[in-house]
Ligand SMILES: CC(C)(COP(=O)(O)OP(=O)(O)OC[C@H]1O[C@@H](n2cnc3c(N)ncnc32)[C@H](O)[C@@H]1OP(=O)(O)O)[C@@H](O)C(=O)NCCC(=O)NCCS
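Take a look at this single chain in structure tokens; it is the form predicted alone.
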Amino acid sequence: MEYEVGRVSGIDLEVLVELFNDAYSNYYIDVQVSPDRLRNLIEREDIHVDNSFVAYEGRRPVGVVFLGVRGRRGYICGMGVRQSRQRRGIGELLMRRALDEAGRLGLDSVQLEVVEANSRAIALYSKLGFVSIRDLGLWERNEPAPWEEPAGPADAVGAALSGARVGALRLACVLPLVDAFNEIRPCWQNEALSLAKLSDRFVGYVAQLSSSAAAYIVFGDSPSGLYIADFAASSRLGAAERQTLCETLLSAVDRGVPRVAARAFNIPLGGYQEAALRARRFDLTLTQQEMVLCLRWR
């Protein structure tokens, strides 16, 4: 079967929503969209509809790939094929077209996240040259937050941080810390550029030591519970200090917005951020691999 490929900008939004929801109907997490939600996703993640593609079987759209662009970096913000048309090479066709487009645009790299259990997708991305750079976790807590506070002044780390002060700041004042405190950028959805577009929904807390910002957290409240968008501490601190400060911020959020249900998406595994979430009784529910393809070496 020969498949034609066209640009996302040439397809009706309602048709695109139906295609997307079909492709992700049996996905590992709920990613079903409405027209408004898809429009917001396109805007928030800097998806370029003129540089994203739809595969057609005759006149019927059967697959889609979204390419986001920020400066010289690209991002695959979703690639899916209708359930009835999977395992026919459509995903590879779309990915190759998106990567050709990234090269034409002069991008240095393209990144994506893929669920660790999705072995077929990982095999495809590896075939195309993507390499895994770290694991990210999706976390949930469905019980009341713990009452205990992080280690107190009697502990050596706690003593060093006993003067930490936590306060709310305008999100615009918090976002510069996202790049300053993370040795590796947060995943695309958690980057400052994405968070800034949700400033009406998110709140920022900052922990200060000696009048200097030492850690931050960005979070929001919704009918389904508390949502932790991102948090990190200064790389000038040791791992134990960073963990304690992040626990302090998570505890402050729990006190300020007491919710039974809480979630945190795409937080790096294996470091102080994971340890802070576990200390606050979050459970790891899904692991994703962050993968990158370098298109040009500087």
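Not measured: the values here are computed from a predicted model. One-based numbering along the sequence shown.
The protein also exists as the form predicted together with this ligand; that form is not presented, and the subsequent description refers to it.
A.B. asks: This ligand isn't shown here, but in the model of the complex which of A214, I90, V174, L195 has a heavy atom within 4.5 Å of it?
C.D. replies: After the contact test, the surviving option is I90.
A.B. asks: Could you tell me which one of A98, V218, L107, M79 places a heavy atom within 4.5 Å of this ligand in the model of the complex?
C.D. replies: Among A98, V218, L107, M79, a heavy atom within 4.5 Å of this ligand in the model of the complex occurs only for M79.
A.B. asks: Within 4.5 Å, heavy atoms only, one stretch in 22 to 30, 261 to 269, 233 to 241, 41 to 49 touches this ligand in the model of the complex. Which?
C.D. replies: That would be 22 to 30.
A.B. asks: Taking 4.5 angstroms as the cut-off for heavy atoms, does L209 touch this ligand in the model of the complex?
C.D. replies: No.
A.B. asks: Does any part of I228 reach within 4.5 Å of this ligand in the model of the complex? Heavy atoms only, please.
C.D. replies: No - in the model of the complex, heavy atoms of I228 and this ligand never come within 4.5 Å of each other.
A.B. asks: With heavy atoms only and a cut-off of 4.5 Å, decide whether N118 touches this ligand in the model of the complex.
C.D. replies: Looking in the model of the complex, residue contacts with this ligand include N118, since a heavy atom lies within 4.5 Å.
A.B. asks: Heavy atoms within 4.5 Å of this ligand in the model of the complex: does K127 have any?
C.D. replies: The answer is yes: K127 has a heavy atom within 4.5 Å of this ligand.
A.B. asks: Would A168, E191 and S199 all count as contacting this ligand in the model of the complex, using a 4.5 Å heavy atom cut-off?
C.D. replies: Not a single listed residue reaches this ligand in the model of the complex, so no.
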